[in-house]
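Just one chain follows, in the form predicted on its own, and it is written as structure tokens.
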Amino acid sequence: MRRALFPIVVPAAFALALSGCRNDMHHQAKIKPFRESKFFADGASARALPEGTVARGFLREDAALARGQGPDGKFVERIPVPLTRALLARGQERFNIFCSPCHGRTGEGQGMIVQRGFKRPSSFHVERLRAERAGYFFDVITNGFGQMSGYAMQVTPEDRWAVVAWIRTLQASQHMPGDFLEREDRERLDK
């Protein structure tokens, strides 16, 4: 007789235990934000955030570092972080992950996406972009431009500056003045 009741009693006890907690949690009193409510005298369900409230980790006091803009609101000329080997390595890594599918690893605009038929982005080596301010590149990475979407959610501000530093490195690699090199290096390059 015991064995016959086992398949009925165990599932019934399990169902009874689950049904008891489901109703209390599912039907609890709650107020959805920005909906009408009787909780506050003005009928709102939530209070406005106090002026100056900033989400944790998002205080961006330095406009040059956070937005690529100087005090005048124009794009900054120079990268506002120290240029180090580690920064360039990080910039190359982030560039290869996020930018090279369209721009290619050399910045010529011949990435894999372009080779598969998508619109070609401008080369970083054209005169207009070589003369552009560093803050411009930061802004484009942040907000996007043309068919390029912004990468603010995927790439941190620090990494965006690292990418800008790498773009400048790519530009310099293609347009370095000849007198910058040692004589032996110039001779090897000319061969």
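A quick note: this is a predicted structure, and the numbers were derived from the prediction, not measured. Throughout, we count residues from 1 along the sequence that is shown.
One more form of this protein, predicted together with ligand HEC, exists but is not displayed; see below.
Taking the partner from elsewhere, residue 74 is found to have every heavy atom lying beyond 4.5 Å of ligand HEC in the predicted bound form.
Ligand HEC is not drawn, but in the predicted bound form it has a heavy atom within 4.5 Å of residue 122.
Heavy atoms of residue 163 reach within 4.5 Å of ligand HEC in the predicted bound form, making it an interface residue. Mapping the unseen interface onto this chain, residue 156 falls outside it, with no heavy atom inside 4.5 Å of ligand HEC in the predicted bound form. The stretch from 46 to 54, 60 to 68, 126 to 134, 28 to 36 that comes within 4.5 Å of ligand HEC in the predicted bound form, counting heavy atoms only, is 126 to 134.
The partner is not shown here, but in the predicted bound form the stretch 148 to 171 reaches within 4.5 angstroms of ligand HEC through a heavy atom at 148, 151, 163, 167.
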